[in-house]
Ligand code: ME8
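So this first bit is one chain, no partners, the form predicted alone, shown in structure tokens.
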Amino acid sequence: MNKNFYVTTPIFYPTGVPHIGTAYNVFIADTLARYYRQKLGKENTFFLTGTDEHGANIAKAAEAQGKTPQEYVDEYAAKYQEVWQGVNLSHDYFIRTTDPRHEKFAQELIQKSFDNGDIYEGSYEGLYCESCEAYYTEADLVDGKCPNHPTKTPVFTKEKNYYFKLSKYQDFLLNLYAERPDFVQPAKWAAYVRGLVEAGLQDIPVTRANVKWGVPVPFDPEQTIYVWYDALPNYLSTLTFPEFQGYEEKFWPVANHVVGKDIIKFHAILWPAMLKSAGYEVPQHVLVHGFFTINGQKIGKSNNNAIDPRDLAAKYGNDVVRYALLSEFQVGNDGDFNIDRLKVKYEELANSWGNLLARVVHLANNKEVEISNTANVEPEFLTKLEDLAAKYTQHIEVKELFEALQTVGQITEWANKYIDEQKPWEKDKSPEDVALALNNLSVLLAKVNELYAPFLPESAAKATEALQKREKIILFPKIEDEAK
């Protein structure tokens, strides 16, 4: 078992404010970080997010607003950090690719590949999507449009640049996938990536001649580093910063990249090949999540559903927004989300976890029974609880967050049935039977609070304090109005 855990989100392109779709990604990463802090300790867990601040899109957006690219990215990086703070994200560092220390690292990495003979001068003629900064062939397009931007038509581009010998690493990648079948998770995405590589890899341009807002290529300063070749090294460059002395040895290569399915090729194919070329080890895992629509519509400004997660959190709380997304569909799958489901999910938590907490605390106080997490618990009861907790652990450690949440739901459902069957409120119940039932339930509740903590940190902290102090609280107060 690894003693350290490192999790990353993609570094987001700051051409807008984060929305609920973006938040889904960071909630996955944040949940994993919180779980491993519980298990391994805060000092042995590192969680990185940030912004990808170079490229033609940034320069174009800045010009449209009458700003310099640097002014533009400074503004949007601040907005990203403000949103993440507003939804209680627990990241340890926010990396920006305009940080000179990162730029220097990116230059050193591409220089190593050049020195190894893996980068050569050439020229590119073909299709390029400016929105996702990616090269495509005609076969990649969907009805003539970018596969990831259905309204964008890739433009024909012709320029001198330098190529990375990606084709050289085809066998290396296939061996990697064979030796480590869980390198890409879930399994369906591992099969997808393997199929892409088996179909054959082509060398790709990794510098740009006509994009000035970027990191200069050290062996040809007239060129800038292709935005993806600049962005991906952030996962490693941050660990070399002086304030994180010793982190490279501690957290690399135990890196877990949480990415959307649209950027899987960059993370599961290009990135490991880049690392191998430059003499670094590859990361531990690439976790791929699907996308969700809202009321059947893709999230975007044109559909007026690019919702700021803080707006939903203001009504329902950060935890319920997290729960609603993470408990609605499996990581790796696409899904549809209806905003009205937030109220359903809120009531789901109130009626299960919230109701159980209130009942146990009320009965313990009413019956004047001492409840303690160290009290004797009925052996069969404890065995069942431990078995379910172990099932939760198995799920979350292979990053099956949906299934882990379902398991906690099974525990609270069982507990509410148990209390109904035991009826500790009845007058003819012996003090011993009442004490046993409530001690069983208090130990179970403490475990539920612990298991929910990575997913619902604010609510778990409140529930833990209430149980310890025997303080009756309403964990999820009634909400009268519908979400707008």
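If you're wondering where the values come from, they're calculated on a predicted model, not measured in any experiment. The first residue of the shown sequence is 1; numbering continues from there.
Another form exists, predicted in complex with the named molecule; not displayed. Remarks below refer to it.
Enquirer: Spell out, yes or no, whether the shortest heavy atom distance between H19 and the named molecule in the predicted complex is within 4.5 Å.
Expert: Answer yes; at least one heavy atom of H19 falls within 4.5 Å of the named molecule in the predicted complex.
Enquirer: Can you work out whether F476 and the named molecule are in contact in the predicted complex, taking contact to mean some heavy atom pair no more than 4.5 Å apart?
Expert: No, F476 sits far enough from the named molecule in the predicted complex that none of its heavy atoms falls within 4.5 Å.
Enquirer: Please run the contact check for C146 against the named molecule in the predicted complex: heavy atoms, 4.5 angstroms, yes or no?
Expert: Contact check for C146: no, nothing within 4.5 Å of the named molecule in the predicted complex.
Enquirer: Does F172 make contact with the named molecule in the predicted complex, using a 4.5 Å heavy atom cut-off?
Expert: So F172 does not count as contacting the named molecule.
Enquirer: So which of 114-122, 343-351, 305-313, 230-238 is the stretch with heavy atoms within 4.5 Å of the named molecule in the predicted complex?
Expert: Going by heavy atoms within 4.5 Å, the stretch is 230-238.
Enquirer: Given that the named molecule is left out here, which of G290, G409, P186, G86 has a heavy atom within 4.5 Å of it in the predicted complex?
Expert: Selected option: G290.
Enquirer: Which one, H267, H102, R208, K399, lies within 4.5 Å of the named molecule in the predicted complex by heavy atoms?
Expert: Residue within 4.5 Å of the partner: H267.
Enquirer: Residue by residue through 261-280, tell me which have a non-hydrogen atom within 4.5 angstroms of the named molecule in the predicted complex.
Expert: Residues within 4.5 Å: D262, I263, H267.
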